[in-house]
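The chain below stands alone, shown as structure tokens; this is the form predicted alone.
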């Protein structure tokens, strides 16, 4: 008796799936009219988000961040360098974003992903303009030695809102970062303590590992504008169907750091931008709480 019903359900599912593939925009608009999305989320809600600190044991700081299926692994490696003559009392941070073929079917082996340099530039601009890191904290000996922080972010799964997940992983990795202890040896050279058997020589520069003082931590939220709808934290499918994106970056004090709209068919009217900022403000509160909980978990461990 149950077979006809099961067959009917299967047929109905196949019809829905076929309609979704053939007419994706109409499929989405039917859901939007009911103020819901195909995955069951309200229009303004982001996907479930997690952060795991210390994901790479060999790095000085690392984090794995997931927003829905979108997954980013960030790692920081510290190296001693000679500072520039223009900034003798400052270190540097170099940020690179990678999209290996494993992250998405649209990334082909041997060809760099088009989104990678765009996201990399956005990350560098955001972290620099936010003032999150005081580069003077990376100085060791004025004019002679400073830290170079290499921050690499790897996209493991690209399912939309790449910049949001990349920024979250980068911030979490910097949050987790412990700057190695260093000293001056008898030749006046900087020595990382682990390389010297843990012994600090003549003149200690950093007596022990230390954390960076992070100020005005940036968080972001990408939204899609479609007609009079605003969809927070889009999936890759939503981004492909509805192309008008707006990314808002606020710091932990809700100060606007940047607003990025790369194009699209829908104009970003003032009211829509204000709505995006309001959604981002709520999202900042959520992400700060998730980051604090991840840090508390590390301290307990």
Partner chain sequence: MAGRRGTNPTTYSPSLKTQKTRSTIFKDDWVRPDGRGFQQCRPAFFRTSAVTAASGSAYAEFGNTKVIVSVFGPRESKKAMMYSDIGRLNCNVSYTTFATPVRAQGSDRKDFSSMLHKALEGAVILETFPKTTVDVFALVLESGGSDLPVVISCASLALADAGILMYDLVTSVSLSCLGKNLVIDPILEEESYQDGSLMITCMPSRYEVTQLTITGEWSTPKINEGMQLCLDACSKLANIMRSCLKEATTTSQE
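Residue numbers count along the first chain shown, from 1. Computed from a predicted model, the values in this text were never measured in an experiment.
Another form, the form predicted together with its partner chain, is not on view; read the next lines as being about it.
Asks: Partner absent here, but in the model of the complex, which of 101 to 109, 226 to 234, 212 to 220, 169 to 177 has residues with a heavy atom within 4.5 Å of its partner chain?
Replies: Correct option: 101 to 109.
Asks: Heavy atom within 4.5 Å of its partner chain in the model of the complex: which of 49, 69, 258, 252?
Replies: It is 69 that has a heavy atom within 4.5 Å of the partner.
Asks: Heavy atom within 4.5 Å of its partner chain in the model of the complex: which of 55, 241, 273, 43 fits that? Just give me the one.
Replies: After the contact test, the surviving option is 55.
Asks: Closest heavy atom of residue 147 to its partner chain in the model of the complex, within 4.5 Å or not?
Replies: Although its partner chain is absent here, residue 147 would touch it in the model of the complex, with heavy atoms inside 4.5 Å.
Asks: Please determine whether residue 90 contacts its partner chain in the model of the complex, using a 4.5 Å cut-off between heavy atoms.
Replies: Taking the distances in the model of the complex, the answer for residue 90 is no, it never comes within 4.5 Å of its partner chain.
Asks: How about residue 134 - does it come within 4.5 Å of its partner chain in the model of the complex, if we only consider non-hydrogen atoms?
Replies: Residue-level check for residue 134: no, no contact with its partner chain.
Asks: At the 4.5 Å heavy atom threshold, is residue 79 in contact with its partner chain in the model of the complex?
Replies: Looking in the model of the complex, residue contacts with its partner chain include residue 79, since a heavy atom lies within 4.5 Å.
Asks: May I ask you to list the residues of 217 to 241 that have any heavy atom within 4.5 angstroms of its partner chain in the model of the complex, in sequence order?
Replies: If the 4.5 Å heavy-atom criterion is applied to its partner chain in the model of the complex, 217 to 241 yields nothing.
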